[in-house]
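In structure tokens, one chain follows: the form predicted alone.
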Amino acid sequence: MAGKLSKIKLNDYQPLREVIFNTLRDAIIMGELKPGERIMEVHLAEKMGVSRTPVRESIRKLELEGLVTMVPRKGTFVSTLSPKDIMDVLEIRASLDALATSLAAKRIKDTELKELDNVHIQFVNYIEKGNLQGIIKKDVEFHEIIYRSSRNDRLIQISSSLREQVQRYRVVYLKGYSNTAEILDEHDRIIKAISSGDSKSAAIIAEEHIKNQEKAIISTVNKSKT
């Protein structure tokens, strides 16, 4: 278990419990700790070179975020990725993205549009290099720019509440999906719709983008079970 986790590097700006929490959360999101894998406090504490108390606190926070599941008399496990959970989260995300992209088409600034173009170019470069970390980072930035450009703080806040689940699904999607040309085409169409101020098309393309992602993730998860 937790083969790639190593001793914690202390951060002068964060409490130890936060460093541990972020480390474990990233390990789950990136698939280092796999769905269904048992989480054992003592082993994690030894692996990370810390006491069990902050590990226990971190696991409780991870449970609140839905990333781990505590089963009575059996232990704690990394939450599995069920098709129902994926559909529930991404149905919401599709609607939120459609709204955000529609609003961005009306409200985006020229500087933000240039930023969106630049991030898309960097996204393409990382795909060509096969750099998964870079791909994930630029995909996050791409959508964050769109949400910021919506000028709707409540919408951004609601979207943020789904951040960890969405990020976990994003990693599964970008790791296992081979048709990168389709992703690039969808991003390109989103940019064109936003830049032309076509809010209706922007919303439709954004929703389609997430629905395609949902199908690809469910397919990947189902294949992993066979």
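What we label the rigid core is the largest C-alpha set whose atoms superpose within 1.5 Å from one form to the other. Remember, predicted model here, so these are calculated numbers, not experimental data. Numbers for residues come from their place in the sequence shown, where the first is 1.
Another form, the form predicted in complex with the DNA, is not on view; read the next lines as being about it.
*Asks:* Might E164 be said to contact the DNA in the model of the complex, defining contact as any heavy atom within 4.5 Å?
*Replies:* Residue-level check for E164: no, no contact with the DNA.
*Asks:* Using 4.5 Å between non-hydrogen atoms, is T53 touching the DNA in the model of the complex?
*Replies:* T53: yes, in contact with the DNA in the model of the complex.
*Asks:* So in the model of the complex, does R38 come within 4.5 Å of the DNA, heavy atom to heavy atom?
*Replies:* Yes, R38 is a contact residue.
*Asks:* Can you work out whether G130 and the DNA are in contact in the model of the complex, taking contact to mean some heavy atom pair no more than 4.5 Å apart?
*Replies:* Heavy-atom contact with the DNA at 4.5 Å: absent for G130.
*Asks:* Considering I158, A181, L64, M70, which brings a non-hydrogen atom within 4.5 Å of the DNA in the model of the complex?
*Replies:* If I apply the 4.5 Å criterion carefully, the residue I get is M70.
*Asks:* Of K84, K109, K74, R154, which residue is found within 4.5 angstroms of the DNA in the model of the complex when only non-hydrogen atoms are counted?
*Replies:* Filtering the options by heavy-atom distance leaves K74.
*Asks:* Taking the partner as it appears in the model of the complex, which of 119-127, 143-151, 99-107, 74-82 has residues with heavy atoms within 4.5 Å of the DNA?
*Replies:* This holds for exactly one stretch, 74-82.
*Asks:* For Q122, is the CA shift between the shown form and the other one at least 2 Å following rigid-core superposition?
*Replies:* Comparing forms between the shown form and the other one, the Q122 CA shifts below 2 Å.
*Asks:* Could you check, with the core superposed, whether the Cα atom of K109 shifts 2 Å or more between the shown form and the other one?
*Replies:* Not so; K109 is displaced by less than 2 Å.
*Asks:* Inspect the rigid-core superposition and answer whether the C-alpha of T69 shifts by 2 angstroms or more between the shown form and the other one.
*Replies:* T69 C-alpha, core-superposed: shift of 2 Å or more.
*Asks:* Taking the shown form as the reference, report whether the CA atoms of M48 and G134 lie closer or farther apart in the model of the complex; the distance changes by 3 angstroms or more.
*Replies:* It is farther: the C-alpha separation of M48 and G134 rises by at least 3 Å in the model of the complex.
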